[in-house]
Structures are given as structure tokens and as C-alpha cells.
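Next comes just one chain, in C-alpha cells: the form predicted alone.
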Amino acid sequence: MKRNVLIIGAGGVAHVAAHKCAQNNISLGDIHVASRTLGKCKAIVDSIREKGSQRGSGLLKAHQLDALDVEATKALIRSTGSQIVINVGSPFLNMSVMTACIETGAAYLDTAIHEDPDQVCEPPPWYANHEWKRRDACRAAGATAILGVGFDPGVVNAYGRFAMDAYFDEVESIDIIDINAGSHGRYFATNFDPEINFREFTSNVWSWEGGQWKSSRMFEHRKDWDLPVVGRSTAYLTGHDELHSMSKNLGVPNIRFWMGFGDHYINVFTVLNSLGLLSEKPVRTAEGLEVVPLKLVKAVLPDPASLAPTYIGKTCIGDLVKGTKNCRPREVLVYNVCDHKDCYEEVGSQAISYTAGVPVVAAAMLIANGVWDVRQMVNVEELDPKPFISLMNRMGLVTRVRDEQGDRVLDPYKESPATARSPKQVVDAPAV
């Protein structure tokens, strides 16, 4: 059993994660929130107290931390007695926080792939450029590290794995579709960190097709999808984190990621990009000031967390899986629908942050009770998805499935065969 959680980050996802940890602190123990800006951490703690999210006794405390400082992070892990670290700060922090966890033995979780500030869209598979280089160190230290356990990446990895095990003999394709049909009422804003958001779209788009990497340009390929609740929606082929582990671990020849964008977003993005305002490379002004255009744009855009009070509408995110069962073609959609207003009423968040923050806490709980405490580095699709999906159903992210039998809530233990055919052996937690 592992106890006490240190949450690194103080943005929208950290806000949700802290609330969900507090709701489950009887299992998780003390909750600590740390970032460079102490005031943001204190605001999260205050919001938990205001909403009465904390269910049991235990510490709930804010800390100031530069998480790029490995020694400082190690010291905070040790002083708080934290055995689980949830890294939901900037993806630029991943390797520093992971190093601190390996060296202290704390379990490590994140929700996005590591990024080098000086490089955009590195060669695939992205995990091989950074995180996977520490797999041997994790195993040697007996440290659990679960990578990319937000929604996408994270839940969609588990959906793909579950669908393969439960519904198919062979899978030909997994199309991950992310549609936000909500409205925040602002002229222009991003739903998560603008810097990270724009970096995803300013270079090559990598997809996994025919068992190899295929490069295209952003907004080059579009497709209309008919999805539950949000209806017919246009999405664009986009590169994304989960493709870079699922392509390696699942043995599926075609895995693609599609994200919905409105015409207004595309127009504003195109103008900013064409003017060079989304560049991560510094420029010098006539006054001699050195400015990074992308950071300037981030500074003038709304804080994604500030969108929550007026956000309305729903999201629909899921995996459309196609293949064969008993030599017959089959198509299954495994998905979740989340309501922005409901999220705000529960934890003061919009749905984009909620869908990323709930899964990482569910994973922390599975580490705490030993189910996912595997003492090595893994991606989500390498783990048994059933306890993860079942736990999220109880925590506020309900999974549904649509197939030839209709549309229903997914109970993974009822729909999964006793002995699932699996593309790769599920990683089991070692015996204690």
C-alpha cells in the first residue's frame, strides 16, 4: 500500500486532481500541492475547503517548488512522506520530476509526454526520445511510473486495449476522436496551456498507418464523425501522444488521432502561425528586448482555468475500433461524454481539465491499493484496463460502448471474457 500524494502543478488539471484526491483521501492519505507560484496552490487548497471536497482527516497543504530542481523535489517528496507523485505541471518538467521519483522510490504519474523547450515535434516514437530511456532505471529502483494517464493520452489507451481484449479477434484500426462541442464565450482561447496546445499543431502531424509512421500537415486531412450526444462533427487528423506508445504495444496497423476544431479557431491559428507568432524561437525587438513569440501569445490569452464559470456544452472522446470477430467485420465505439457545467458545479473546472484530472487520480488510487503498483515504467495500454474503467465509472467519468447491440454503460467485468485474447501480456503488480 502506498499513501500520501504530492501534486506538482497548479493549473486546471492540477485543480481537478487535487479535488479528486481530497474526495478520496481516506484511501490516499495526505494531499500536497506544489508549484512555482505558491498563491495558485493555496487557491486550490482554499477551493477544496470551500466545496467540502475533503472526505477524511489528513493534511491538505500548499508548497512552493521549482520542479526543475531535482534535489528540491526530492526533498519535498521526503519531507511530506509522499509515496505517489502526480505530475500535472508543464510537460517540460517530466524528466526532472521522474528523476526525483526514481531516486526517492515514489510512484510517478503524468498526463502528457515530455517536451524539450527547444524542439517541436521530435521524430517518432516520442516516448523513445525521453521517458523510455529511464525504463531500466525505474525497474532497477522498483519505482512505478505510469506515463500519459490523463484522458488522451491515458483513458483512450485503456479503451483501445479493452476493446481488443473484449470485442475482437483481430483489430485493423483504432481511430481516437476528441470532440469538444462546448462554448466558453470568449473571442479566442485554448482549453489547456496555450504554449503546449500550439506546439502540438505547428509542425508535422504523425499518424500510424499501415504499420509505419506517416507525416502530414496540420489541417490537411479532415473527416466528419457521427458521435453520441454531440452529433455530426468535423475533426482533423492530428499527431498526439498516445499514438507513440499504442503503435508499439498493441500491434495494430492503423492508429490515428482526430481532434475537432471550429473554423474560427483554425482561422486565428493560421494567422498567428503565418505571422510567426507561434514560434518557440526568440526574436529581438527594435528596443533590444528578446521575446519568445509563443510565450507572448500565451501571456495575452485567457488562462484556461478562467473559462470554467461560463463554459457550457459537452465533450465526447473515444476510440472507434474496427476489426473482425469470428471472421466477421465488427465496429465498436468506446467513449465518454462529459458536461462542462456539471464539472464546474462539482469541482469548479471545465470538462477538458476534468477529463484529464480524474483518470490520473484513479491511477493513483490503483497504485495505492497495489493493483497498478507495478514497480516499473509502463504506458496505460500495458496494464489491465478493467479496474481503471470500473473505478472511473464511480468517480465521474462514465464509459459507454456503442456496437451492433446498441449503446450502453460499459461494465468492464461483465463484458470482458474470462480469458481475454491480448496483444501483449498485461503487466501485473509484483507480489508483496
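All residue numbers are counted from 1 along the displayed sequence. These numbers come from a predicted model, not from an experiment.
Although not depicted, the form predicted in complex with another copy of the chain is the subject of the following passage.
Judged by heavy atoms within 4.5 Å of another copy of the chain in the predicted bound form, the contact stretch among the candidates 292-300, 353-361, 154-162, 241-249 is 292-300. Among heavy atoms of Q212, none comes within 4.5 Å of another copy of the chain in the predicted bound form. Among heavy atoms of C327, none comes within 4.5 Å of another copy of the chain in the predicted bound form.
Residue contact with another copy of the chain in the predicted bound form: V229 places no heavy atom within 4.5 Å of it. Shown alone here, G276 lies within 4.5 Å of another copy of the chain in the predicted bound form, counting heavy atoms only. Of the candidates V271, A140, A75, I312, V271 is the one whose heavy atoms come within 4.5 Å of another copy of the chain in the predicted bound form; the others do not. Residues are counted as partner-facing when one of their heavy atoms sits within 4.5 Å of another copy of the chain in the predicted bound form; in 155-179 not one qualifies.
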